[in-house]
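Only one chain is included here, represented as structure tokens and corresponding to the form predicted on its own.
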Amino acid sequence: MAWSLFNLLIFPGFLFLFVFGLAMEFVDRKLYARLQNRIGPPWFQPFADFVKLAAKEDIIPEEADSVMFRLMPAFALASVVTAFFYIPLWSTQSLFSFNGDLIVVIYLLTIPTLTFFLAGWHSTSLFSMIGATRTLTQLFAYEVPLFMAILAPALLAGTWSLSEMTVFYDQHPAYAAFNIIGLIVSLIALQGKLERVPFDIPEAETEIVGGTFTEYSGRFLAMFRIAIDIEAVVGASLIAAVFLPFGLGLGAAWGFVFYLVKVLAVIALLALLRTVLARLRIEQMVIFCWRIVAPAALFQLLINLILSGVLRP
């Protein structure tokens, strides 16, 4: 019981995710700044921002639904933390594992986007509702390609368990090379899920102030921000486990080092995308996902379907 609580609350649970999420926010902001020839923030800036927000007053608009306004940040944070426990990190076995946990992880990572929509909609602010509508519109654009891209490697491995997938690719590392298209699609979709440039349309400061989070402040906004940081870590961890299943059989110490390197690599690629691209309009984002990203994910699915038929006739 005590060990389970340690895993859930300390390592690799909430405290680890909290610190790691803030650290990855610093890496992302620092890389973004350096790529733009700026100095960037000091290492403690993300933590200072969190403390500053947490210390501020929580203001709830009079016309807002106070219950939904308060609950949505907690639901967003709880869902991303829970998803982390089913992902193999530095070994082929996750903290909790069962056949079908891949579907559960994808489902849990969809919940934050829905909480963003509900939070914005129940804020009753014009800017928040526009941002909420854009959030939901984007969800229908990137979610299907992400599902297909993540499920394609599972189809080749012949299992819906993330732990069993990593065992398969650890034993057959050459098969991971067939999932490169899915890796690219997943990176693009994760950028959309995190609502980062060029997909930061729901939170476009120059158009709709703060979008979904316009009316949020204090601890509630701090919870949303840390949930997004943790979601970035969980999304990067999922991509690392599915598409970069290397170094998992080298023991806990080396496995943890490889895990950190892979997550850093994914965060660096996301920062690079944020640097070189400009914000798209909402219809451009939807057209791009359905005309390019979704067909690419479908092509990856067909490749793995054919390969699985050859491997297991």
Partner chain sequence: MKWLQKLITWARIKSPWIIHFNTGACNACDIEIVAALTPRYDIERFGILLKGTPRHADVLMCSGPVTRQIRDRLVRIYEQMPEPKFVVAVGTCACSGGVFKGCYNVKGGIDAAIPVSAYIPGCPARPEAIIDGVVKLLTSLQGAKPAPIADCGLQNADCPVGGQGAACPDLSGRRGGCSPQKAGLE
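Numbering follows the first chain given and starts at 1. Computed from a predicted model, the values in this text were never measured in an experiment.
FYI, the form predicted in complex with the partner chain isn't displayed, but the following is about it.
| task | With the partner chain left out here, work out from 264-272, 251-259, 44-52, 280-288 which stretch has heavy atoms within 4.5 Å of it in the model of the complex. | result | Stretch with heavy atoms near the partner: 44-52.
| Taking Gln36, Ile59 and Gly210 together, does each of them reach the partner chain in the model of the complex with some heavy atom inside 4.5 Å? | The answer is yes; Gln36, Ile59 and Gly210 each reach the partner chain.
| Heavy atom within 4.5 Å of the partner chain in the model of the complex - residue from Thr214, Thr82, Thr110, Ser91 | It is Thr214.
| message | Quick check on this chain: which one of Ile184, Ala132, Leu221, Ala141 has a heavy atom within 4.5 Å of the partner chain in the model of the complex? | response | By the 4.5 Å heavy-atom cutoff, the listed residue in contact is Leu221.
| query | Should Arg225 be classed as touching the partner chain in the model of the complex when contacts are defined as heavy atoms within 4.5 Å? | reply | Yes, Arg225 is a contact residue.
| message | Can you work out whether Gly247 and the partner chain are in contact in the model of the complex, taking contact to mean some heavy atom pair no more than 4.5 Å apart? | response | Output for Gly247 is no: heavy atoms all beyond 4.5 Å of the partner chain.
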